[in-house]
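Here we start with a single chain on its own, the form predicted on its own, put down as structure tokens.
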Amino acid sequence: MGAAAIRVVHSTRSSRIGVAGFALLFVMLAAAPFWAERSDLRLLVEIFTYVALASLWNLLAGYAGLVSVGQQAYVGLGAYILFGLAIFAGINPVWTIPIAGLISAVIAIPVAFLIFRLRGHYFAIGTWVVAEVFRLLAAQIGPLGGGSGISLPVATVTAIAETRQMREFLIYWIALALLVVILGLIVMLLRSRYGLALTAIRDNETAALSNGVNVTRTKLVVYVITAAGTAMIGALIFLQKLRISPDVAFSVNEWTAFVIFIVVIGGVGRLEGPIIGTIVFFLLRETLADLGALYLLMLGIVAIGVMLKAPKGIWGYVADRFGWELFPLARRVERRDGPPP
């Protein structure tokens, strides 16, 4: 009898088509400054940032089981690091973005050891408390405007690029690059041994622990990565705004509630979910924004309707029904008979 060769395959026909489609889309988006209007570029930057924030929250909650309602802590932290380094250290704001991610990752380690002592809804409340502490501390920093906030000086803004058009182009390309890097890192993480550990933890944390998975270390790695990525996105958001204040930088509504909405309707625990959810969110926002306070009510109704009809989210429903996947994440074992030894 021939020897059987066993190998693990990640890609499927749909994922190969999805990767090719994303590559083509990336080329088109990279050239957007040459064919899109200024308002379109700003909208695309906002879309990129929400896809990135939602993907990071999905990694944290959907894969590691760490449901946080305080991710605005790292959005604001990254933004304040950018403003502090740019204004007082004279560093070009563009270069402060990766520095903000690195500093936030370091700060996230002791924060993680503190809040990891909590479980379930206590963990969620703990993350919100941490975010509020960050907000209150930021409001006490007088040189950065205290509670009223501060704007980037004109000299600092012009250091980004000489003209307003070039600044907008540069911010757009940075946003697109950050999104691609974040999605790429998540794919690499989920395809690694940490991805297997996260799958085991998501399925049954107790069983994963009994099978040798270091649950705490795996969650810590995910939490730190998420904090760093969220901080870089936060720095970019407020680099575009050019002004910061504690209430805006640490807004639970803007940077956590909307992100959770996006992931829930798109599909928790699926990398495609945040992308689909962001598209739906912006379509609803552009359509219903004129309704005023009813806009948030309509978002709630949509979220409830999706959860009732498709508990796994829009993409979860599509994936279960048609077997589609846009990223090569699923592991399949193939057995092939080889020639006899």
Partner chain sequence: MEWVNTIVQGILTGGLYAMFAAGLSLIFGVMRLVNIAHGDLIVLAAYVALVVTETLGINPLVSLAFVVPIMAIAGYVLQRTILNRTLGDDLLPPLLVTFGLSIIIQNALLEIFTADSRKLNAGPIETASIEVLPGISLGVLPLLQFVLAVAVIAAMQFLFYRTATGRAFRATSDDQPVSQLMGLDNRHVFALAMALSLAIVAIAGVLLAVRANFDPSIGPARLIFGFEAVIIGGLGSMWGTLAGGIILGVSQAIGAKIDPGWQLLAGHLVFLFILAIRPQGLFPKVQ
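Just so we're clear, the structure is a prediction, and the values are computed from it rather than from any experiment. Positions refer to the first chain, counted from 1.
One more form of this protein should be noted, the form predicted together with the partner chain, which is absent from this view; the next part is about it.
S.K.: So which of 242, 118, 189, 176 reaches within 4.5 angstroms of the partner chain in the model of the complex, heavy atom to heavy atom?
M.R.: Of the listed residues, the single hit is 118.
S.K.: Could you spot which one of 103, 260, 150, 94 gets a heavy atom to within 4.5 Å of the partner chain in the model of the complex?
M.R.: Among 103, 260, 150, 94, a heavy atom within 4.5 Å of the partner chain in the model of the complex occurs only for 260.
S.K.: Looking at heavy atoms inside 4.5 Å, which stretch does the partner chain contact in the model of the complex, given the options 231-239, 208-216, 161-169, 125-133?
M.R.: Selected range: 125-133.
S.K.: Are any of the heavy atoms in residue 154 no more than 4.5 Å from a heavy atom of the partner chain in the model of the complex?
M.R.: Looking in the model of the complex, residue contacts with the partner chain do not include residue 154, since no heavy atom lies within 4.5 Å.
S.K.: Is residue 253 close to the partner chain in the model of the complex, meaning a heavy atom pair under 4.5 Å apart or at it?
M.R.: Within the cut-off, so yes.
S.K.: With the cut-off set at 4.5 Å between non-hydrogen atoms, does residue 137 touch the partner chain in the model of the complex?
M.R.: Looking in the model of the complex, residue contacts with the partner chain include residue 137, since a heavy atom lies within 4.5 Å.
S.K.: Residue 276 near the partner chain in the model of the complex, any heavy atom under 4.5 Å?
M.R.: So residue 276 does not count as contacting the partner chain.
S.K.: Is the partner chain in the model of the complex close enough to 67, 294 and 308 that every residue in that trio has a heavy atom within 4.5 angstroms of it?
M.R.: Yes, the whole trio is in contact, each within 4.5 Å by some heavy atom.
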